[in-house]
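Only one chain is included here, represented as structure tokens and corresponding to the form predicted alone.
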């Protein structure tokens, strides 16, 4: 197993709660990004003391963050050894994205039928704001607004149970979804896919909305699979915890 290196344990700016997001959740998101972008490779041990030093926090939020990370299946807790970075197998990743695509499609179908005029207007407004981030090449801004765009779709179903289930699955694939936004070309193609979704919702075409959202998510799946393959090829196969 690979130990956490001193370079990855370098001091970062101390974290503070932001926009209603707790410190443990911020830590988890940062670690998710580090894993999916390859900064924390598969098989790397995640040590509480070094992570607490890096982020300038106590070990309690670090421990909570590692529990969240384990729940997302990007890390694995090995008894008597600690927590190590793992990555889903290609089959597991496909299963997660298929679930996400089905749920997003269902959300789209219901939203096309149930969204109020105000909700449709807000969705269209977000779409135009996303266009500006594409023009500027602002991947971070696009990722933030993209999350708001999809959340608006979910809420448009007016089905709280479906929203909760969808958000739960989305959390599992969120790190992989973020990877796509490192490519400026992907920002443009993602926004073009959104255009079709918005048009279908504005005309109340539930079937088209469902099909377009399913295809939109499976496009992200293909990008994520390619990235997962590149990470696995760069890591020793027999030194890599992975979920089946």
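Remember, predicted model here, so these are calculated numbers, not experimental data. Numbering follows the first chain given and starts at 1.
The form predicted in complex with another copy of the chain exists for this protein as well; it is not shown, and the discussion that follows is about that form.
Residues of just one listed stretch (104-112, 147-155, 134-142, 118-126) have heavy atoms within 4.5 Å of another copy of the chain in the predicted complex: 104-112.
Against another copy of the chain in the predicted complex, the set 174, 188 and 211 makes no contact: no member has a heavy atom within 4.5 Å. Proximity of residue 219 to another copy of the chain in the predicted complex: non-hydrogen atoms within 4.5 Å are absent; the residue sits far from the partner. At a distance threshold of 4.5 angstroms between non-hydrogen atoms, residue 68 is in contact with another copy of the chain in the predicted complex.
Taking the partner from elsewhere, residue 34 is found to have every heavy atom lying beyond 4.5 Å of another copy of the chain in the predicted complex. Mapping the unseen interface onto this chain, residue 81 falls outside it, with no heavy atom inside 4.5 Å of another copy of the chain in the predicted complex. With contact defined as any non-hydrogen atom lying within 4.5 angstroms of another copy of the chain in the predicted complex, the contacting residues in 84-107 are 92, 95, 96, 98, 99, 102, 103, 106, given in sequence order. Between residue 184 and residue 28, the C-alpha separation grows by 3 Å or more in the predicted complex, relative to the conformation displayed. Between residue 72 and residue 91, the Cα distance is greater in the predicted complex than in this structure, by no less than 3 angstroms.
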